[in-house]
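Taking the form predicted alone, here's one chain by itself in structure tokens.
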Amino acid sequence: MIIFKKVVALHQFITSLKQQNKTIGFVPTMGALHQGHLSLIDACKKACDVTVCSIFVNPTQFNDPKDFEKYPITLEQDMLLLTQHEMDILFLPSVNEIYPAGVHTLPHYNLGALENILEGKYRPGHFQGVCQVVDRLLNIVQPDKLFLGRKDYQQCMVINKLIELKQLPIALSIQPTLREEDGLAMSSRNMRLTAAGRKKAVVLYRTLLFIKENAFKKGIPVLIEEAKAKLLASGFEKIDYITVADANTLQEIKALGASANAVVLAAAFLDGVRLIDNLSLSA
């Protein structure tokens, strides 16, 4: 595994690989790596000649400074995992490398309604920060393919919008959510749960399954209220949202037709940790 910390050095190396007609795949991360990240790397390695992984905890996408401060940093363990996984290139930039002119004059992206609903509503400015860092990383790495996990469903849609806005020649590959044996979606945030909270956390997934199993039997508004009650009764402290939405626009759906392309999404707090998940709905 080759480690780069400087933009110029990585960019030069990538350029030399492209001159050899090598295809470049990219997996951006904020570290605290788990099997979900490794599944993205596996998919990337199968599809591309060279796989690049970045680890960078981006300050501009945290609307809550306390959340940024609490984000788990496990760099030593991450590097060991990547070495064992035969990673080709690891990019470990500093904030100054990513934002050499500082963070106060960064571009604004026209994301439309995507920016102000669900995650955007409860985390104002979050998706601008996501676009700022991903735009910069894509400019540095210049990948042919970008690999993201479906757990961050809305973020995948935002990054797809970014690629369209910038007219980048990059293929976006969205991989299935990887789950623990009990169904909990793998997430770096799971590390912050207490032992008791970890046992309760699976209720989020089970609640989404409950909606999926009954979405064509009961009214959606009734199901949503029942789902909220289940979460609160199991120990979740606060629910930002549980909603059924159009899978392509994320606009809320009140009733499902036989041909509906829909997704159920949720964000809720447990042990003060904000967990998100989603499931596809189909007839």
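Bear in mind that the values here come from a model prediction, so they are computed numbers and not experimental data. Sequential numbering from 1, following the sequence displayed.
Below, we turn to the form predicted together with a small molecule, even though it does not appear here.
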Checklist entry - Even though the small molecule is not shown here, does residue 30 get within 4.5 Å of it in the model of the complex, heavy atoms only? => result yes
Checklist entry - Quick one: does residue 243 come within 4.5 Å of the small molecule in the model of the complex, counting heavy atoms only? => result no
Checklist entry - in the model of the complex, does residue 98 have a heavy atom within 4.5 Å of the small molecule? => result no
Next on the checklist: in the model of the complex, does residue 133 come within 4.5 Å of the small molecule, counting heavy atoms only?
Outcome noted: yes
Next on the checklist: Please determine whether each residue of 61, 152 and 155 possesses a non-hydrogen atom within 4.5 angstroms of the small molecule in the model of the complex.
Outcome noted: yes
Item to check | One stretch from 75-83, 204-212, 125-133, 161-169 that, in the model of the complex, holds residues within 4.5 Å of the small molecule by heavy atom | outcome: 125-133
